[in-house]
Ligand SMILES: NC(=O)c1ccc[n+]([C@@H]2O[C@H](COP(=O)([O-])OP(=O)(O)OC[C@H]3O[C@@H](n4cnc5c(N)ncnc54)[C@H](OP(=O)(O)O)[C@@H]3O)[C@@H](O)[C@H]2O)c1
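Consider the single chain below, provided in structure tokens and representing the form predicted on its own.
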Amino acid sequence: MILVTGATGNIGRPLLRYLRASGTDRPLRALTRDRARASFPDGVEAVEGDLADPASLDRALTGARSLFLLAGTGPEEAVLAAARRAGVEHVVLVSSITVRTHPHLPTAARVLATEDLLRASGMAWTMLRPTQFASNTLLWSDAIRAHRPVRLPYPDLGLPTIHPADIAAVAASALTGPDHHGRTYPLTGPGPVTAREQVAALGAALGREVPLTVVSRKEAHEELAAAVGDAVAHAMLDLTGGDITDELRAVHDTVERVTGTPARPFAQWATENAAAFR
């Protein structure tokens, strides 16, 4: 049995599709907080539970031997302990490339602590360390829908943004293939893309120009902090231009090596998700 947590999210949804398409004979189970509102591929068992409440996971974990988990979605120490008690043998963890590039940031330190907990758990593990998600641009959706400018402090700095479905594809391989235990995979898109280029790609997908206004870091922080809090806003601004390292800029071919298919460009994500910006 493979248990997919975060099953209704940007990674979990395509992961379930990939697992169904893989032909695996292992049963698939999806964790959701509200089974009545969730929709999954045929053959996927939906079970209610909440990672924020590890005591609610007993039914979902019963019989599971592989677990897909995103760092930062709950009290990981308790979740991993519950998984081990239930007999889970292998955990695929979505970590972050920032545990290598910016371990001093509080957000990265928490994710690295989760990696350490998993390594010490006695279960087999595979670590996925993606860079910036293409879906982070959904933060701009309100402005774009209202035909307001996207306000950014670092519009011309390029990072190898990754399509969440590529993370899902690597996770599916790790959950079903024999050679991924004990492996750590840095995951990026096929090349650097600037925020200005992302805005232009969204405009092309929408069939209209999307305006962009360059603002100071102070202005950007004030606007972000209102939505995500002070510490996360500082971290996001460091990681999108304020404190960029060569390692954060690096492009990796892991997606193609693991899955056999090249990583998707940001423009593809923009086309596939244009409805969220209309």
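As the structure is a prediction and not an experimental result, all values here were calculated from the model. When you see a residue number, it is the position in the sequence shown, counting from 1.
The same protein also has a form predicted in complex with this ligand, omitted here; what follows describes it.
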Checking V215, L212, A233, L70 against this ligand in the model of the complex, the residue with a non-hydrogen atom inside 4.5 angstroms turns out to be L70
Interface check vs this ligand in the model of the complex: of S121, N136, S141, T184, the one with a heavy atom inside 4.5 Å is N136
Does G9 reach this ligand in the model of the complex, with heavy atoms at most 4.5 Å apart?
-> yes
*Can P54 be called a contact residue for this ligand in the model of the complex at 4.5 Å between heavy atoms?*
no
Taking heavy atoms only, is S96 within 4.5 angstroms of this ligand in the model of the complex? yes
Note to self: E45 versus this ligand, in the model of the complex: is there a non-hydrogen atom within 4.5 Å?
What the structure shows: no
Of the candidate stretches 46-54, 59-67, 224-232, 249-257, the one with residues having heavy atoms within 4.5 Å of this ligand in the model of the complex is 46-54
Residues in 106-143 that come within 4.5 Å of this ligand in the model of the complex by at least one heavy atom, in order, are P130, T131, Q132, F133, N136
